[in-house]
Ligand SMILES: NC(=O)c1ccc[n+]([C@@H]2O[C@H](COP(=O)([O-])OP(=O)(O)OC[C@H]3O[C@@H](n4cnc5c(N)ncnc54)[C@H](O)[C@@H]3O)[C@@H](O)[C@H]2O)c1
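A lone chain, given as structure tokens: the form predicted on its own.
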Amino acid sequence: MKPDYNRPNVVMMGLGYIGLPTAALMASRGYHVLGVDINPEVVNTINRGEIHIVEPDLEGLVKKMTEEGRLKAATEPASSEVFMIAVPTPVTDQKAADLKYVESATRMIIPHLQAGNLVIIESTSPVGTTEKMLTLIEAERPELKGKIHMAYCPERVLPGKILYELTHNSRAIGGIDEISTQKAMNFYARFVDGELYPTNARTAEMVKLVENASRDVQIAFANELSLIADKAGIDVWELIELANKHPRVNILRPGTGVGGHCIAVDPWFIVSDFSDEARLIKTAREVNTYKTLWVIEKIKNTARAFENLNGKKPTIAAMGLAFKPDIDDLRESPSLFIAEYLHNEGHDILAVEPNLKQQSLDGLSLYDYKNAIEQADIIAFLVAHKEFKNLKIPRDRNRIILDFVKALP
């Protein structure tokens, strides 16, 4: 497919953590991509060849693709051959999928659709979403009934390695019919070097949810072990290390809960639709949510004991706010929730996030990590960022260290 610089080959709806890297990658493989985002600031940033997220190697690729004219950003879509939707799917207060962004993106492309177009949804979605969006398209444009190809293809990427994993990880690709599946397979083959596995849309939708629910269950086991070990007076890190010596055991590392837009959210989509059957999945979500509250209580109890002993409120360094190490992604972050909760309760919090450039965040003042440990009475490690690994804690006075993530060796 030779790029036509007057008309995009691909329209990418959503230029966030998945949409922008995917758009840049497609552009680098010869497609002419129009990225669409409702935020004009994001659009202007990308058209300057800059990026609004932190992801290794992405800024250089975006700069190169925009300079070559292969990647452009806008607030409105245009006609194209392929339309991709990579917008957020948050969870509602009732723990169900909120499809308002997917539906909004679909409505935005409807006026630009033509017979033979391929529409692909990448947004994490409950089973049946692809079919629902097709029904919406055909209701608005009945003349296109039976003439639009639709498929679902979930991403499988790790923040910090997105470009590599978008290229090399395998994909499950499911169309609403065999022709749609094959057209989507041919499309992805241009920029994905990993294996492409054909299936149907419903199975592909469930694959994404099951992958993240599986991870959630595994993390819940590790987090539950940490609660048991603490009560039993056992070092959970030594416990897990020794248990993992078994050739068929691989226990994950416990943390402060589970964050990110995927693992902390997607299992609820299964629970919402299959509440009677998804009992283990629901329990895992509850365990991981409880672990965050347990960490808060642990810090509060330590602060209370410090105040009783010293006659003053302690200064607490909250070391790390992102949902996982070495990224700036705060989505559903249990560490950010912990820092904000303690701050709102009146505790003196020195919030630390070395991957953020700003000086404040939602009422929290952000501190350099070295300055924070100098000032803090209690140092609570909430994320195992690389900056903390060889940190020397000053010994000029007694400081209490709470390492919930094995950030220190």
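Don't overthink the numbering: it's just position in the shown sequence, from 1. These numbers come from a predicted model, not from an experiment.
One more form of this protein should be noted, the form predicted in complex with this ligand, which is absent from this view; the next part is about it.
Checked against this ligand in the model of the complex, the residues 340, 377, 348, 37 give one hit for a heavy atom within 4.5 Å, which is 37.
With the partner omitted from this view, the residue of 123, 129, 333, 80 that lies near this ligand in the model of the complex is 123 [heavy atom within 4.5 Å]. With the partner omitted here, the stretch from 238 to 246, 198 to 206, 274 to 282, 87 to 95 that lies within 4.5 Å of this ligand by heavy atoms in the model of the complex is 87 to 95.
Taken together, the three residues 213, 219 and 268 lack any non-hydrogen atom within 4.5 angstroms of this ligand in the model of the complex. Within 4.5 Å of any heavy atom of this ligand in the model of the complex lies no heavy atom of residue 299. Shown alone here, residue 258 lies farther than 4.5 Å from this ligand in the model of the complex, counting heavy atoms only.
Contact between residue 105 and this ligand in the model of the complex is found at the 4.5 Å heavy atom cutoff. Heavy atoms of residue 175 never reach within 4.5 Å of this ligand in the model of the complex, leaving it off the interface.
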